[in-house]
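Given as structure tokens, the chain that follows is alone and in the form predicted on its own.
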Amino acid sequence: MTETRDFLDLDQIDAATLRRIIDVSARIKAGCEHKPLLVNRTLAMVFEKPSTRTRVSFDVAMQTLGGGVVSLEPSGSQLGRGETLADTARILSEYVDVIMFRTSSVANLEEMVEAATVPVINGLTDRSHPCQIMADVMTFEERIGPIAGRVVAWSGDSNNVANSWIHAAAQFGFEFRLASPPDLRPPQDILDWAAANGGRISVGDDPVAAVNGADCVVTDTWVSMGDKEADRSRALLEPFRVDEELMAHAAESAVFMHCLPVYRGDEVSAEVVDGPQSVVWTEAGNRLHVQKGILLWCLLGSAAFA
């Protein structure tokens, strides 16, 4: 039996494989890899959290590669009537070739993975967002060049996206500086993993110090879906807004990234997100290409990189 290749978190896949996925994704975008390699393969997308970019980019990616797509949500499946995730995973494994799961709970993802006999892709959890960061690394390298040895700065809430940036810093060899309120710091186990794997991570509460000379500045929405402490979060994060004054401390060639959706005037000013340093639309577009690379790796393994 062949080994199932799950794409769950950037700390669980070796750096060389992550690099190959980025490289094949770039070739796909450049038009060098347009073979319908996934004909007669089917992707099931399971959504416990709403989605625009994840839904459309995975759907189009699979179809472009020649495959089919089935989309499930609790309101339109037995998931909403009490069927367990494990049973859903077992049933889907009889019908489809790969599952993309977008959920709040890491435990739910783990239950899906344990029961499935086909590859599972992490479309997002409250702890991580690995597909997004793969697209971000690809975008950085398109605009600036190799990310190894560069500096990426984060200003804002240390959320799931920031956690995946920490993983990426160790895997791709760049420095990651994070500025956030003390109450919104990354989980210690993620920082410990990065330190043990050569990650150059700094965590503080001074956004200017974090951004100084950086090649890329990143932030994310202050209030995640379902956040019951939205007012408190906004109050804590006001000093971490990315505006033109903060961007002026970055390198002259620096880019601004945001995984979207964006709330202008909260985490970032309109002048920055809509300005010349912003690459957010390219970043969103690269979700399509990098997820083709991920699907190919999950289903074809090393054959996808031949």
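In this text, all values refer to a predicted model and were calculated from it rather than measured experimentally. One rule holds for the numbers: they count along the sequence shown, beginning at 1.
The protein also exists as the form predicted together with a small molecule; that form is not presented, and the subsequent description refers to it.
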Contact flag, residue 53 vs the small molecule in the model of the complex, heavy atom cut 4.5 Å: yes
Heavy atom of residue 287 within 4.5 Å of the small molecule in the model of the complex: yes
Exercise: residue 177 in contact with the small molecule in the model of the complex, heavy atom 4.5 Å: no
In the model of the complex, residue 279 touching the small molecule (heavy atom, 4.5 Å): no
In the model of the complex, segment of 256 to 264, 66 to 74, 238 to 246, 35 to 43 with a heavy atom within 4.5 Å of the small molecule: 256 to 264
Among the candidates 132, 88, 139, 163, the residue which, in the model of the complex, approaches the small molecule to within 4.5 Å (heavy atoms): 132
